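Have a look below at one chain only, the form predicted alone, in structure tokens format.
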Amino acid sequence: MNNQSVECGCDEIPQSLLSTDQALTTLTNAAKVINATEFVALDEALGRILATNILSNINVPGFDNSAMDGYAIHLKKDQINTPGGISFEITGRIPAGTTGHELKPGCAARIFTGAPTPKGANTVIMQEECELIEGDSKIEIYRPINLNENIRPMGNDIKIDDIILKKGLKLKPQAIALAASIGIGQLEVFKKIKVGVFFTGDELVKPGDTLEPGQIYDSNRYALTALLKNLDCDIINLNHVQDTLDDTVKALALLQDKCDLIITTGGVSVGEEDHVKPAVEQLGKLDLWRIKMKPGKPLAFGQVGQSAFIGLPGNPVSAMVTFLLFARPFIKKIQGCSHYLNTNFKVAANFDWHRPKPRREFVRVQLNQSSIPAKADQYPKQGSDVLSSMVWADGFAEIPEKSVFKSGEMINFYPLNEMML
């Protein structure tokens, strides 16, 4: 485990309904970036978080080179931008990976994309604009020629001491390729965070087993582990824990010094069968929030040993929505991501909102891209138990508290495809 400190600020959090903004700010302020790093080879760097700025110690390209297949030419001053019909003697051939001899005025060399332009060359003409003449010993060009056509200058992409990748970047294929282009074979990244999970509820049954009366299949277990894998976390999964206080305390005690974060779903309310809340309070500290939002009103946050703790609601949609809106930014920040907040953009509502609601709602919607701006259609059933809506949806439409609007008005949209990264 990475020995990070987590300050939950529980004593300062009011017990009244929090706004979504207050809850998110409190969580992200409490998140502390891990301090453990490691070096990984480029082949293993995908999805990791860069732990330091990367500066280039070379120019890219390291020499002037041809942007295409054609002919490098030493254009004389009296030939610049004059009418076409100018001929040049071919005195060399320069494939990529080789260097040519100096070109004298009025001479040309066959050159290929990426090959260094030879000394004396001051422009490159694409092969389609050149005609071979006099037994292929010369070329003739029938248009005015300018200096430096199709020449990529040294340092055109990257110059020495440029910062090419910044600390906190989640490494994508293009970033890894850029590191390779300056000769870096390994990158310093933050170590993966360890997240402990377990699941309670005697009514839950593993998919594939037979349901007895009153039982349901456990979906939260698979949703949560999949969401954490999407975030490239190392998961310590205790799976199903018996729904007793003693077993819940034992599970937390087992995880508390091995993890950066512990997440559970359900069991944090004050009912007789809700054992997570008293178990966390036995070993650490906990604040149970009631957030002014739908779905996902209850959310718990605290600390157990060296681990932060987040308790998500038990209903499957509520668990996923609160994970994406709150747990995901918290996780991304402690991972070292510089951009850890969810992004949103404006779309047009394709539905009316007639009645002002006291809580902010995150409505599952699907985008209709046939018009500009795109229009958001809402799923007909918005209950926190309707898991099929999460498969159908492209994202969440954010409906502010006490608001009304008609179809066509602009609203915030949180895309699921980005929130799953």
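Everything numeric here is computed off the predicted structure, so don't read it as measured data. One-based numbering along the sequence shown.
Keep in mind that the form predicted in complex with adenosine monophosphate is missing from the display, and what follows is about it.
- Contact annotation: of the candidates 204, 327, 251, 348, the single residue with a non-hydrogen atom within 4.5 angstroms of adenosine monophosphate in the model of the complex is 204.
- Screening 219, 237, 338, 230 for any heavy atom within 4.5 Å of adenosine monophosphate in the model of the complex leaves a single hit, 219.
- In summary, the region of this chain contacting adenosine monophosphate in the model of the complex, judged by heavy atoms within 4.5 Å and restricted to 195-203, 173-181, 73-81, 87-95, corresponds to 195-203.
- Residue contact with adenosine monophosphate in the model of the complex: residue 307 places no heavy atom within 4.5 Å of it.
- Looking at residue 265, you'd find a heavy atom of it within 4.5 angstroms of adenosine monophosphate in the model of the complex.
- Under a 4.5 angstroms non-hydrogen atom cutoff, adenosine monophosphate in the model of the complex lacks residue 287 among its neighbouring residues.
- None of the heavy atoms of residue 123 is located within 4.5 Å of adenosine monophosphate in the model of the complex.
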